[in-house]
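As structure tokens, one chain now follows by itself in the form predicted alone.
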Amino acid sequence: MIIFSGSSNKHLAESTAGGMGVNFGHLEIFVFPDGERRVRVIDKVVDENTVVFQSTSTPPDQNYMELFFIVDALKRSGAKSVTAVVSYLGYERQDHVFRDGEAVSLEVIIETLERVGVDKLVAFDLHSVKVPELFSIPVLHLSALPLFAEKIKNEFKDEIILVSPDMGGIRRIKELSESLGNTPFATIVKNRDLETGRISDSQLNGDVRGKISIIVDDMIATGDTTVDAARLLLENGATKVFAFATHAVFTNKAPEVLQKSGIEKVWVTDTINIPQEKKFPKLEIISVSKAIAEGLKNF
């Protein structure tokens, strides 16, 4: 096995390769003045099983195009197989038609991945458990929940309550609750404008009074949903609020919004590379490299 990496999250690829004791391959990625990319495989990959890491976070279009080119280059160079580790799968929230006339963007992405030659795909905490069913190739759907459970066990000794910031996360929060010995949980029901994506109102289902509340989500983008949830929890008597999220999308002013909020600490994973300018004092990063390494050994 040879592990390669695109530009978006090279550190995660190198950490995984190092942990597995496998070779880390070399690519030549040249960017022309107009933004076009040229990809060339340096190593010999004939009859080799190859793995390419590329998180398709911001900018998703650029990262996807680079991934397509890397996969094509590996296939043309004689690779026996290509497994794509797309730790954050861009466009995963556009998995069906919300309004008449819309494209199903995720299906376009999936068709392209399969057409260029991806044989298997590894992803983390997809927005919907139904997403793997859209693929015709094998998909290894990993989760950061075991890592979160371990961290929660070690960090919190007082009474806690898990909180899903929306109804879409109920499956996730129930799974984490069970792994923590059926820890109680609450949910937040929110109404969202399908055109703008903004939340109009929220309602808490559950009793958080006198408890440490732990928000658990699959991603944090603008930070508004997480911060609004924290505000609602504190208003309803939570003693402290902490947050866990797998994917640190962190668009716009999310780091500033989270740092200034009433949230005590935010844990995320390295499925998305977080540049130094987006790190903040309340942030702690948990690595998923060992989970990916274990997954690849048996996939």
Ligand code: R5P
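No experiment lies behind these values; they were computed from the predicted model shown. When you see a residue number, it is the position in the sequence shown, counting from 1.
Just so you know, the form predicted together with this ligand exists too; it's not on screen, but the next bit is about it.
- In summary, the region of this chain contacting this ligand in the predicted complex, judged by heavy atoms within 4.5 Å and restricted to 202 to 210, 141 to 149, 77 to 85, 217 to 225, corresponds to 217 to 225.
- Checking E114, E155, D166, E159 for any heavy atom within 4.5 Å of this ligand in the predicted complex turns up a single hit: D166.
- Contact check for K120: every heavy atom lies farther than 4.5 Å from this ligand in the predicted complex.
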